[in-house]
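Next comes just one chain, in structure tokens: the form predicted on its own.
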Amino acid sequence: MNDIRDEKIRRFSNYRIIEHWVLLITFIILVLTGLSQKFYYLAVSQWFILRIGGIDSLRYVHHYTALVFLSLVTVHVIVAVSGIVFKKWRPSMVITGKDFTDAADNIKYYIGMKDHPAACDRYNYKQKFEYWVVLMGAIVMIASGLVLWFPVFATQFLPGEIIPVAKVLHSNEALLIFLIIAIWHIYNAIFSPEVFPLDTSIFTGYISRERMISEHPLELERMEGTDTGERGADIGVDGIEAKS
């Protein structure tokens, strides 16, 4: 009999794997080129700016990487909305009342008031929170970044005060997203005891059956209890599960 830890279940499609790689690369470039402008007075920022060819070259890289990021977010939203509306995908990233009860149940579990954690579906409440914070932050970053890139055009339709407002929003939101990714996402994907030394599911597309039982029991029950021909795809921050 096969070890349950060796049994793999398809969780993410090739499309989502590629999307994650593009997001990872663009995020790193945007962080390096953006924070070095925000903290330009630091020696490490000045070193990086000089190595990349000066402030004009840095801004060029930042702007055109931002266009890739804009395209990625736009396609992500269009695919998600069209999938839910036209293909009847299950909106697995929508926050529901169960997420709040799951959070309460887990608190009770952590302090010994319950003997088992909350049973979660494809994404738990922590993953949904991270997803919506990052997505809303990305929209703020895109909007404020376009205003800063094209200030003359923007002020044809908006009051001039929008420029300093956009600068504050863009700078501080960038730092917030960086901290959320650096602290929250990296911990859950690398340092969490459940996945250490690395959660490879978004890179391989597969997750062990053991983890599915532990982390996503409701999704596993639905997958095994419903005919594959009737299963709708799920959408989320990292994955679309195509029909089998």
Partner chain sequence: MTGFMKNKLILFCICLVSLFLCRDGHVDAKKAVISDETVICLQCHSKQGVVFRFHNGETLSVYVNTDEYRMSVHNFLGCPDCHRGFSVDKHPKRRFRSRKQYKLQASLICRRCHKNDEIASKPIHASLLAEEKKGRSPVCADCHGAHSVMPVTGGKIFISEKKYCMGCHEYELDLTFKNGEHLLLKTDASALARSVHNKLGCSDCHYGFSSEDHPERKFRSMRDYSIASSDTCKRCHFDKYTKTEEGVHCAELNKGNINAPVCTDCHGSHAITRIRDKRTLIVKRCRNCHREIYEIYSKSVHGSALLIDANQDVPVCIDCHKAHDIGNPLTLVYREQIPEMCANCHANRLVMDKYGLSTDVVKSYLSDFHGITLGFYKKQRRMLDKPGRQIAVCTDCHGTHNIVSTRGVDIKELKAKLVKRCRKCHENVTGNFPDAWLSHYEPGIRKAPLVFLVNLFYKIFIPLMIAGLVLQIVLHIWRYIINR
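Positions refer to the first chain, counted from 1. In this text, all values refer to a predicted model and were calculated from it rather than measured experimentally.
Although not depicted, the form predicted in complex with its partner chain is the subject of the following passage.
Between 206-214, 191-199, 65-73, 22-30, the stretch whose residues reach within 4.5 angstroms of its partner chain in the model of the complex through a non-hydrogen atom is 191-199. Taking the partner from elsewhere, Tyr60 is found to have every heavy atom lying beyond 4.5 Å of its partner chain in the model of the complex.
Contact check for Leu50: a non-hydrogen atom falls within 4.5 Å of its partner chain in the model of the complex. Contact annotation: Ala143 falls outside 4.5 Å of its partner chain in the model of the complex, judged by heavy atom distances.
With a 4.5 Å cutoff on heavy atoms, Phe86 does not count as touching its partner chain in the model of the complex; it lies far away. Scanning 102-124 for heavy atoms within 4.5 Å of its partner chain in the model of the complex gives Ile107, Tyr109, Tyr110, Ile111, Gly112 in sequence order.
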